[in-house]
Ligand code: SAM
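We begin with a single chain expressed as structure tokens, specifically the form predicted on its own.
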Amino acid sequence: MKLSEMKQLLVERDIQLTKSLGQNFLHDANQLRRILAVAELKQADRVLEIGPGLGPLTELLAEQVGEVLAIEKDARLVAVLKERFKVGQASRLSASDEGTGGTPILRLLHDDALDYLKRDARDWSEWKMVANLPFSVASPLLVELALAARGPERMVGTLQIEVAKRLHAEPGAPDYGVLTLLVQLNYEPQPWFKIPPSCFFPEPDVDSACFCLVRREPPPLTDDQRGVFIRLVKRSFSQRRKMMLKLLKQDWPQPRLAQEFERLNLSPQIRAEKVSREQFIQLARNLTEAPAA
């Protein structure tokens, strides 16, 4: 979908894009092809697309995979997508849940993607997520999928470059924090590349990046341990400049914490930004059996 076509369609439909919804549509064909290459798509793949907008990525996905579930919050854009892809009409793309004879399936949902993910505990383990994520909710969407009991095998998409840096951050770096750890628990970040503002319409005020996250196998923690890990991370970074041990005393007995810190060779004065993912994981394992305060 060319930029001129995108602009014409918006004018014809009298659609004013909403900044609060993070509506910056990626139109550059070269960047779209690079994203698809990173996703390593196969004909049998099932793909979750969040925020399809006017459908430039949707169109390419539907040509390469077996099923696309596209979730769009804006009713005006849902109407455009249904017309563009003839969903609900006789076409090679179907709105049904089951395809026949290898016919590609496109399903459009008019819903808030974050609400949908929280509301329906679905098994995404055989899916990939490929999307130009709405900037306004990219981080919570990634966390929701990354911490799901059965998350996608691969997640690829665009977001603000600052968020991409947080996904890849190492201990001690300024960008290292809650988002880093909650996503990296179950996913291994792959190299990312920059996408300039000119590739979007309207142009955002910041640079963007294409990220790639690959699911770790097997998952490092059980369901119970994962809950402790989340609580640990959020409490430890609740006041970034305070010592981690003092913050955790609100949730676990101080003697037990001191014992575990010593076992992991963690200084009682250490701050959360210096503690690695592996150390948080081991601490979560050890504290799972400890009674919380």
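Predicted model, so just to flag it, every value in this text is computed and none were measured. Don't overthink the numbering: it's just position in the shown sequence, from 1.
The discussion below concerns the form predicted in complex with ligand SAM, not included here.
Checking 44-52, 262-270, 227-235, 248-256 against ligand SAM in the predicted complex, the stretch whose residues place heavy atoms within 4.5 Å of it is 44-52. Taken together, the three residues Leu26, Pro56 and Leu77 all come within 4.5 Å of ligand SAM in the predicted complex, as judged by their closest heavy atom. A heavy atom within 4.5 Å of ligand SAM in the predicted complex is found for exactly one of Glu153, Asp175, Asp111, Glu144: Asp111. In the predicted complex, Ile281 stays away from ligand SAM, with no heavy atom inside 4.5 Å.
By the criterion of a heavy atom within 4.5 Å, Lys73 is counted among the residues contacting ligand SAM in the predicted complex. Using a 4.5 angstroms threshold between heavy atoms, Val137 counts as touching ligand SAM in the predicted complex. When ligand SAM is considered in the predicted complex, Leu10 lies well away from it, no heavy atom lying within 4.5 Å.
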